[in-house]
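Below you'll find only one chain, the form predicted alone, shown as structure tokens.
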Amino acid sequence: MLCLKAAEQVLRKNPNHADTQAMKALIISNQGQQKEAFALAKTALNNNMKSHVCWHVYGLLYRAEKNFDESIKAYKFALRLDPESAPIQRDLAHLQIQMRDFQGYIQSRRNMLQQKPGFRQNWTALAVAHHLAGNLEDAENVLTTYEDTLKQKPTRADMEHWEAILYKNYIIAESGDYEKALEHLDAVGKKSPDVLGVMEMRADYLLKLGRKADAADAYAALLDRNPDDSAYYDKLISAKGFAEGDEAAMKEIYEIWSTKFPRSDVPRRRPLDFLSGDAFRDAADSYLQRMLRKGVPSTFANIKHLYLDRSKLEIIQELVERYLKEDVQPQMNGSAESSSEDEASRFHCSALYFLAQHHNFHMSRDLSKALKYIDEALQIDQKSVDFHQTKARTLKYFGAIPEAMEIVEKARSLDERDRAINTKCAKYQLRNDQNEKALDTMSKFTRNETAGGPLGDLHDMQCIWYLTEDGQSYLRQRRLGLALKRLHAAFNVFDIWQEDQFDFHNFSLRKGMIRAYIDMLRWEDRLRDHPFYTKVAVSAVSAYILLHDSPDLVHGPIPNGVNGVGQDAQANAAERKKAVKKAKKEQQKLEKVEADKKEALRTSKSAPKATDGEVQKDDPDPFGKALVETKEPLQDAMKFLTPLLDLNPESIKAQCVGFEVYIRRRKYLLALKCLLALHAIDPQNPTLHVQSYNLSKILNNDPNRASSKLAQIISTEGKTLLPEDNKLVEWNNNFLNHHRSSTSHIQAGLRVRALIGKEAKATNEKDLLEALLLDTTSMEEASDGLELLNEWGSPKEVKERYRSSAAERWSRASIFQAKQIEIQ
């Protein structure tokens, strides 16, 4: 405020002073008045076009708006007016590395070095610029040149110097010259304070150079420091040069280290990966008894990776079942007689817990046995949080989501200070679409002092899993406004992580943490290939597709089949009008409740304040009305879809939603590209079959939609994928015959058959019910079949027959219960 008052005082005396106007624009921009700031900055430029201050501020305003291209232009113009300005040059360099303009960054850093050659940070920054641009030799030469200018040797306490030395070694190794890297490391490594880093680099170079005896000694030294790093064991065994499949030699290595470090878990666990037969049985027996007697909760999580080998799975199951049947004596000697009974009880509980998890696992699933074992464990220890959580997981796999939610809530009440079980409880509540209850659960570990209450805290903490699950829950409820609100909030978290780089472009160079800085930049380049982003993007794109296909959802949740989704929706205009009216009323009621909350907060004396004491602003659009009322939902979907396809091309879901967007936008080449990518990932994917038909139908039945040249390109590229127009029925029948034992493929074939001709509706319903009875049908596939009947607009009696058959097979699944499902 003082800065603003000072600027206004100057402007009273000299209203057209451009530099002061620019500084005032920068101040009010930081106060959130962006439009007024830009207007004032333009006025300042009109008053003095040759002021580097005005152009610098103009660039800063554009940077705040994330318009980086215009910001760079403004910075460059400011530099023409004042080439020696260090702040402008620095801001330009930071923006160039943020945008990955490596050549521009090299030039900026070179200019900064020429201005201040005695400043070490400028030398290191130029080396980083060359390194990131791929000029490894130039980067090494820059660092060497600076080292040659030093008149006295730095002390060991000079962290910046020794980090730069190791960074130089890092560059040499990255160029592939490991011999030179090793020689350099031997020359300088003993003086570096990063002892562990030097040891790891040296061991790696020795192994890559084929000096296996020295490499083995180096990794043995590393294991002496940390015997629980599994990567060290892998490298040690590689350095030993054992013959492939030499189980005895590898086992001997692990026995040496398990004897040397008896409390270490890795040398006892790792032999289970390569041993087989009786040797595996003996090792597994020893390991399991040791872990179960200790009552280690993570035993199954540590073992389940072995289940890829069916024989090992069966041996493990046989061993643990034997522990329950027989009185297995303790392995360790000297057990106190008074504690033997407690140990036996703990061992028995651990075995029951292990078997419950074993039968929960997808590769050995038998949910009835899992429930039996966990109930037995709970009879022994009724206050175990882990036991209750495992029972909840079992019920979730049964499909009994409400019951599972109640069990995990009970587990949470057993330890209300445990953040992990509190989080799991909220997740189960969201999966049961209990959004308000989940938020209340999360509020137990938030401050609840922000304007948005617990939800505002979760936004501030960047709790991306909650935002994603909450958005997916609202999407299931067809409340697209709130769904998009949450998913956009999760998307913004990734943007924040991307922008956080700005804080480190200067900080990392100043502190000398260069190797970590390089790793961070490379991680940021792949930021959106994270599984969390895939979940967010796929859900958001699905919401926009649903909004495009069902525009009436803008008013609120409308049941499937009365909004133009089902095949008989056009004949149901009265029902549709009634549903829209009901959705509007519910939305108005929710908005009134939210307005009452805001009014109560406004009139209260304890309005939420930020850490600086200023009252925080309310969210002007808590229900996402602005997002859901978009005129171009498919265009908005591209914001999520573009990075998803760029960085996750191997994701089946990404290619599927990409096709659905492009086919609706009439971008047929891009739609075909998604199909070809999906075919390369999974040629037998059922969704691929449906989407291939949809594209073929558009091109064959309505050739005017695509130009002749475009149609020719698509025909050439997709000739092995797309069916011929006169052979659609034969093509689909061949697909159905080929996949007679797969429910998901049968559903895809029936969906295509329904699209080919409506007269097949009765046959499709009959075949869909028969597919439900297949032994391989999963509960998720059965649920998809119910959705398919809604899509076809099948009669209520057909849906009820299907539901009752599914409920008979999955009796505990809430989705097939009559009171839980709406038969339309």
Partner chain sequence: MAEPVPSASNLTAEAAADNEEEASSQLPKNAEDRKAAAALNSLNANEITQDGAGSSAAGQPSKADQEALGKAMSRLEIASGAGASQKKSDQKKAEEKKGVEVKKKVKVAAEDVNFLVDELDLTKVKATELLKAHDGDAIRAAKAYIAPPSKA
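Numbering follows the first chain given and starts at 1. Just so it is clear, the structure is predicted and the values come from calculations on it, not from any experiment.
Although not depicted, the form predicted together with its partner chain is the subject of the following passage.
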>> Each of A86, G118 and Q152 having a non-hydrogen atom within 4.5 Å of its partner chain in the predicted bound form: is that the case here?
In response: yes
> Out of T534, T687, S258, N506, which one falls within 4.5 Å of its partner chain in the predicted bound form, going by heavy atoms?
Replying inline: N506
>> If the cut-off is 4.5 angstroms on heavy atoms, which of these, K444, R290, K437, H94, is the one near its partner chain in the predicted bound form?
In response: H94
>> Would you classify F242 as touching its partner chain in the predicted bound form, given a 4.5 Å non-hydrogen atom cut-off?
In response: no
>> Please tell me whether any heavy atom belonging to F735 falls inside 4.5 Å of a heavy atom of its partner chain, as the geometry stands in the predicted bound form.
In response: no
> Does its partner chain get within 4.5 angstroms of any non-hydrogen atom of S238 in the predicted bound form?
Replying inline: no
> Is there a non-hydrogen atom of Y146 within 4.5 angstroms of a non-hydrogen atom of its partner chain in the predicted bound form?
Replying inline: yes
>> Looking at heavy atoms inside 4.5 Å, which stretch does its partner chain contact in the predicted bound form, given the options 666-674, 346-354, 391-399, 493-501?
In response: 666-674
>> With its partner chain taken in the predicted bound form, which residues across 23-58 come within 4.5 angstroms through any non-hydrogen atom?
In response: M23, L26, N30, H52, V53, H56
